[in-house]
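Only one chain is included here, represented as structure tokens and corresponding to the form predicted on its own.
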Amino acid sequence: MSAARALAGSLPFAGLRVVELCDTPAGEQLGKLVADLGGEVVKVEPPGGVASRRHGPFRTGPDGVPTEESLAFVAYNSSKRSVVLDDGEAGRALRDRLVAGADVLLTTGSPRELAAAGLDLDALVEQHERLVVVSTSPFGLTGPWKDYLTSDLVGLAAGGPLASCGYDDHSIPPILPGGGQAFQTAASFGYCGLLLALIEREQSGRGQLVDVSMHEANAVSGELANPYWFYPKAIVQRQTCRHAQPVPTQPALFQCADDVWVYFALILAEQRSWKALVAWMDEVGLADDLGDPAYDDLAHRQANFPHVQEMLDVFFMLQTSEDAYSEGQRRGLPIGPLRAFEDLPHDEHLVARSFFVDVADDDGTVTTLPGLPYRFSAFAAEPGPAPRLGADQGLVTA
């Protein structure tokens, strides 16, 4: 059974047996989504463990000294089980026995890597009628790039999203977003594919092979770049902290008195937002000439935006980011502070919804993890700890 904690009701994947043969975050995140909702996800690792166990940064122990426990591994492998199998004949036989008793097999290897490991996914689906296999590979199981290597950066670059990420100054190359976005995107598509295959199995009684390409997942996730190219044949340009557009839009970042920046998506064409902003600035004595009826005309606002920008720079510099955020929201204006991740556990809204949870390992070590990003009225769950290497070896030796 999963190490996830059921707080109420029955978890939807309870009783679902999953074997995970994954060595990238795309597959590990997919397995986590299943394990956190009750699926028994058995992670098969080579001697020494999967590569993600050695990716920094590492967790700090109670004495303040860094341990060898990877935070990436802890985050992507919550609620799972771990067994260790070598790639010899005996290890492969035990792996095949696990797969034979599973509902789902998750893999991330390229066709060449799968063949080297003695895995024929089509044959497995034929051999095990109800088995659902989800392959979340770099470029899919077919095509001229099927055996190419990848990384998160390669995935975003080759798939297109990276061209829209960066600054107004195009002499600066595109900037890689953090957090493994290419892998996360592939994992989301893999999760959708798995759910659809399980629904199909409920109706037909048969499993199938789901072939998810990280390259294709990113190629359909290019935000505005895709529709602008498909319809008016326009090419978008990356902009600092704004959506890439065919033509530059006005800056949206403003520094506040507490040195925290806020994002304010002022759309000049929206008359209601403009009126609300000017009324707010007038109440604090900073509207100056912006209350002039001439500014009711959109063309006048656009022609004089450099002046508007200067006024907004002063307006935000005279208040804290929290004051600007709360007052702007109260007035229906889309304003929000730019928070670092380390600030999020203290976010008032996330705290009120108990989003972050403390998860205790077998040895009592407590790690704060993001909780589930959704709420269901029928059940509630929290993630369990990531497994120690080989902690569940009894699953293959019993």
Partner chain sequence: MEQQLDPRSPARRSGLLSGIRVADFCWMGVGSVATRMLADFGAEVIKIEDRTRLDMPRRLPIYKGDLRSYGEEDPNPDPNKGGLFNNYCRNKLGVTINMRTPEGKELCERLIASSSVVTENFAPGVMERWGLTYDTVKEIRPDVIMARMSGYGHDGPHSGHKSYGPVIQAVCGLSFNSGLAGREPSGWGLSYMDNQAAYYNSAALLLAIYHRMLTGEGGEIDVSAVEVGINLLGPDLLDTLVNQRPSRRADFPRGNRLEFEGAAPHGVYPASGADEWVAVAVFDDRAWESLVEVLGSPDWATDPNLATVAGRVARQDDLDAHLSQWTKNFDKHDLMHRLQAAGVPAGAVQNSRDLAEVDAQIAHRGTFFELDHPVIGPALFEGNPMSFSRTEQHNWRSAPLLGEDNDYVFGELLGLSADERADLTDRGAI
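Because the structure is predicted, anything quoted here is derived from the model rather than measured. Positions refer to the first chain, counted from 1.
Beyond what is shown, the protein has a form predicted together with the partner chain; the following relates to that form.
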property: Residue among 199, 116, 90, 284 with a heavy atom within 4.5 Å of the partner chain in the model of the complex; result: 199
property: In the model of the complex, the one of 276, 317, 224, 94 near the partner chain [non-hydrogen atom within 4.5 angstroms]; result: 224
property: Residue contact check: residue 361 to the partner chain in the model of the complex, 4.5 Å heavy atom; result: no
property: The partner chain contact at residue 216 in the model of the complex, heavy atom, 4.5 Å; result: yes
property: Contact label in the model of the complex: residue 176 to the partner chain, heavy atom within 4.5 Å; result: yes
property: Residue 127: touches the partner chain in the model of the complex, heavy atom cutoff 4.5 angstroms; result: no
property: Location of the partner chain contact in the model of the complex, chosen stretch of 81 to 89, 303 to 311, 284 to 292, 155 to 163 [non-hydrogen atom, 4.5 Å]; result: 155 to 163
property: Partner contacts in the model of the complex for 263 to 291 (non-hydrogen atom within 4.5 angstroms of the partner chain); result: 263, 265, 272
